[in-house]
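Next up: just one chain, as structure tokens, the form predicted alone.
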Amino acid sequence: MTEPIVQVSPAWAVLAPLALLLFALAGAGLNGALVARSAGRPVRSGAGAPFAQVARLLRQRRQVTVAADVLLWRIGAGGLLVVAILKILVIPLGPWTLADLDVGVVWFNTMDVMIWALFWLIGWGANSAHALVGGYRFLSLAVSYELPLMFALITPAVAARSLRVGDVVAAQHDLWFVIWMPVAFVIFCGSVIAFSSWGPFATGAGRDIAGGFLADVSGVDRLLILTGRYAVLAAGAAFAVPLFLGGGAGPLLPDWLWTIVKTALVLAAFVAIRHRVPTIRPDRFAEVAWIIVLPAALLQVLVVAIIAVGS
């Protein structure tokens, strides 16, 4: 049985960014290990690659382009990490949460919408063709990500009859939502990966456009963007736990430890997908998103709503 969610003192908020960065570092380490394994190099060297990359980017000079909009460029680079930190404010760690908002589910979705602007700002600020194409490419596909994600987030809220994350966790006392709303869970996971511009959805930073919004970014700015992408991925993995995986419910271990274990497993799956699924062409993805994914999300909400009303 899960413990009731309680709001802790705001003083604990100083630990939230640290925990998020640790998960982001773990994700980067796993990705480095998988890259090293596929290249035939020792896995240990790949797992330590993020530390070397951080040291290299901290020493590297910022690249300057002609007539760049530096302010917007910097906001886009640092904004991803800020948005990821704001996301985790409503995610309970076992029985504790920093902000037990009545509209916690909406808060998380609002932060996703801000990512639209941040990737576009990164592309716009550089004042170069490849970066701008990458930013617009992400922006053009964001609607295809956002609408299915919105309905995937609504589905557990409908079942719990509340937008409060604690109520969603409590509603899974008898059965985790991932069991009877698998379509919403899959769509949620896919959307988290897409909003991180990761793996099969990384077309905004594709090689065919010389790296897209990352083409002209170097030094600390590149470090912030790469860290921000991992942080957004980790925040999404953490939110899947209270939304679909029963929160901290589990045998033997305390609730807070189960939350960490489940988050780590979901994050590992997100990272591994990059090495298993090829990049999806933007035009193909938009067609699939509107014709298949969105109707499937609506059907899932309808089924859950009928069951919730009848129960």
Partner chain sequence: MLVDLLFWALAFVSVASGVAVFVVDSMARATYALAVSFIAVGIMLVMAGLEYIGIITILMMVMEMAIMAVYMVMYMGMNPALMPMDMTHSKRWSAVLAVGTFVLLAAGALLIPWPARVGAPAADLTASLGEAIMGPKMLAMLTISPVLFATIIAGLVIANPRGRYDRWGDDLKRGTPNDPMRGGLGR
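Residue numbers count along the first chain shown, from 1. Please read all numbers here as calculations on a predicted model, not as lab measurements.
Not pictured, yet referred to below: the form predicted together with the partner chain.
Residue-level contacts in the model of the complex: of Ala202, Met150, Leu89, Val158, one residue has a heavy atom within 4.5 Å of the partner chain, and it is Met150. Contact with the partner chain in the model of the complex, defined as a heavy atom within 4.5 Å, holds for exactly one of Ala210, Val220, Ala129, Val106, namely Val106. Considering the partner chain in the model of the complex, the lone stretch of 167-175, 81-89, 115-123, 236-244 in range is 115-123 [heavy atom distance within 4.5 Å].
Contact annotation for the candidate site: Leu21, Ser45 and Val186 all lie away from the partner chain in the model of the complex (no heavy atom within 4.5 Å). Residue contact with the partner chain in the model of the complex: Leu72 places a heavy atom within 4.5 Å of it. In the model of the complex, Ile291 approaches the partner chain with a heavy atom inside 4.5 Å.
Using a 4.5 Å cutoff between non-hydrogen atoms, Arg284 counts as a contact of the partner chain in the model of the complex. Taking the partner from the other structure, the partner chain in the model of the complex has no heavy atom within 4.5 Å of any heavy atom of Ile179. Taking the partner chain as it sits in the model of the complex, the stretch 12-32 never comes within 4.5 angstroms of it through any non-hydrogen atom.
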